[in-house]
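Only one chain is shown below, in structure tokens, and it's the form predicted alone.
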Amino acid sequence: MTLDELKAFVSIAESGSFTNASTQLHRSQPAISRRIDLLEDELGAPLFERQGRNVILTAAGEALLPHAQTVLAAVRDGQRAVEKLNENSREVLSIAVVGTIADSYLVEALRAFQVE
């Protein structure tokens, strides 16, 4: 079970069609179908009942959906946490000083701070 398969599954479940999911995920419709086929093969159960261009969740799909949504939300939370950590490590400090002060102790103190 891969994240791409879960993303495809959740997108289809929430949008109601393979076509809508392919548009949302910027994938071809056959690529989305293939991901679902692989997921259904792994789980040993169909996840959707196909009704023309629309689909509805089977009992297996209903059972999987909240867990798949939780997994994807946890991955997004993890990505945001790392992004925030990276943002914090790149904080910039700007200081405006009068020229005479900049020529004295402050320049050496700032150089030492930059090294640390």
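Start at 1 and count along the sequence shown; that's the residue number. Just so it is clear, the model here is predicted, and its values are computed rather than measured.
Note that the form predicted in complex with a further copy of the same chain isn't included here; everything after this is about it.
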- Exactly one of L57, L38, V75, A31 comes within 4.5 Å of a further copy of the same chain in the model of the complex through a heavy atom, and that residue is V75
- Partner proximity in the model of the complex: H67 to a further copy of the same chain, non-hydrogen atom cutoff 4.5 Å: yes
- Message: How about L3 - does it come within 4.5 Å of a further copy of the same chain in the model of the complex, if we only consider non-hydrogen atoms?
- Response: yes
- Message: Does any part of Q51 reach within 4.5 Å of a further copy of the same chain in the model of the complex? Heavy atoms only, please.
- Response: no
- Message: Within 4.5 Å of a further copy of the same chain in the model of the complex, counting any non-hydrogen atom, which residues from 31-53 show up?
- Response: L43, G44, A45
